[in-house]
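A single chain, nothing else alongside it, follows as structure tokens in the form predicted alone.
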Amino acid sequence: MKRLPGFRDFYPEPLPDGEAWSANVRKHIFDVWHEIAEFYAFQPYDGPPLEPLSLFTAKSGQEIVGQLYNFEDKGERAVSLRPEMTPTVARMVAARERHYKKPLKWYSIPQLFRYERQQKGRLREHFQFNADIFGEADPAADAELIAMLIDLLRNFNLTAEDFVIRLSSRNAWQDFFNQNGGDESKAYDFYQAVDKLERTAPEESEKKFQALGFTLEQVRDFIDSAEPTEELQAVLDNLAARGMSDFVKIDYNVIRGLAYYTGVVYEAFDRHGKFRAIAGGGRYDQLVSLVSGGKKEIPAAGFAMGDVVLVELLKERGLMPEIPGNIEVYALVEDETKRPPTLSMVQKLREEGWCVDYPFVSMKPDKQIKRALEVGAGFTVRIEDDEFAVLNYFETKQEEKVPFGELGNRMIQIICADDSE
């Protein structure tokens, strides 16, 4: 039985031959995402993986249905696995925003699903870090999100030589569109053409823009001007105050294809140009109104970072984390009559916060030592008598008798002494 195309199995380290996705690496990525979000005072939330289909078609139109895992459930409801998280959080905020003081700073790490053609950096499922701020219209909220995005990437040991945040504005593009006689009914097609400009042949882009009443030269001149709007300058100044100017630049090539963006937009890119966007986001002040049927008007901004491109980038840069064994202590059972007190000792150490393993059944002492080395344990410990255990530190081959009640403290002393040398 094989897994479905575009989906992944996450095995523990060390990975079997032919497998690319490590559960241990995923945990490391999630740990960094959680840690930085909490440093920035964001609160976790989550929502259901299955939503009404109308939540996504209301935002993106019927054309998105071809990209979804959608079906009719047993209650004859049109539903879909979530392809993104922003509509869900907008729905949640619209329903319960009065319960919370604003601004809301929320984050989540959902698994998302899209039925589309697989390609480099894009599968049919992925995990994604989402961060959103609701209830604040000032560009300071956009700057806070971009700063967190920068710190997320820096905490994977990426530097300003590895990535850049390309900063743009849908307001600036809307002004350009209006000032050059754009037909508002064709605005979405125009934004789509700009979004695909870097991936489309010039002659094809020229035809698209001419059909919309523009020329490719007009569009490129606007992009090349790179003049920051007032809102973009406020974001740049805010990031400069944090010492983050090296990580951002104005780039009007970025427009973000999703229709709901209304202001500042941005994408994080590998400076070497080998990968798709690492992350992207922007302001979407009208989405809560859209999903609430106009009942709630709440400004909002947010970004998302997927795990697929991130892991590919870390692999290419040689920045994949080393995955140490998580077992700190291996309890030896060389005499089966001492198994009950050994189990008691194991339980007490675990209650003190130590990661401990032991043999389930009788094994020769040399096989137990081999197992302790294989799992990367720092210590072995075995019952000596009714009061003492024998503690062995693999790093120095130091062995000593220690009273049961002092095992944890003694291991801490050994580790601290070793670190100070």
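Throughout, we count residues from 1 along the sequence that is shown. Computed from a prediction, not measured in an experiment: that's the story for all the values here.
Quick note: we don't show the form predicted in complex with a small molecule, though the next part is all about it.
**Student:** Can you check 224-232, 149-157, 123-131, 211-219 and let me know which stretch has heavy atoms within 4.5 Å of the small molecule in the model of the complex?
**Tutor:** Comparing against the small molecule in the model of the complex, the contact stretch is 123-131.
**Student:** Only one of V248, I278, I255, V288 has a non-hydrogen atom within 4.5 angstroms of the small molecule in the model of the complex; which is it?
**Tutor:** None of the other options qualify; the answer is I278.
**Student:** Since exactly one of W173, F163, Y261, Y330 fits, which has a heavy atom within 4.5 Å of the small molecule in the model of the complex?
**Tutor:** When the small molecule is considered in the model of the complex, the option within 4.5 Å is Y261.
**Student:** Does the 4.5 Å heavy atom contact test between P299 and the small molecule in the model of the complex come out positive?
**Tutor:** Contact check for P299: no, nothing within 4.5 Å of the small molecule in the model of the complex.
**Student:** How about Y284 - does it come within 4.5 Å of the small molecule in the model of the complex, if we only consider non-hydrogen atoms?
**Tutor:** Taking the distances in the model of the complex, the answer for Y284 is yes, it comes within 4.5 Å of the small molecule.
**Student:** Is R317 close enough to the small molecule in the model of the complex to count, meaning some heavy atom within 4.5 Å?
**Tutor:** No, R317 is distant from the partner.
**Student:** Indicate whether the small molecule has at least one heavy atom within 4.5 Å of a heavy atom of R114 in the model of the complex.
**Tutor:** Yes - in the model of the complex, heavy atoms of R114 and the small molecule come within 4.5 Å of each other.
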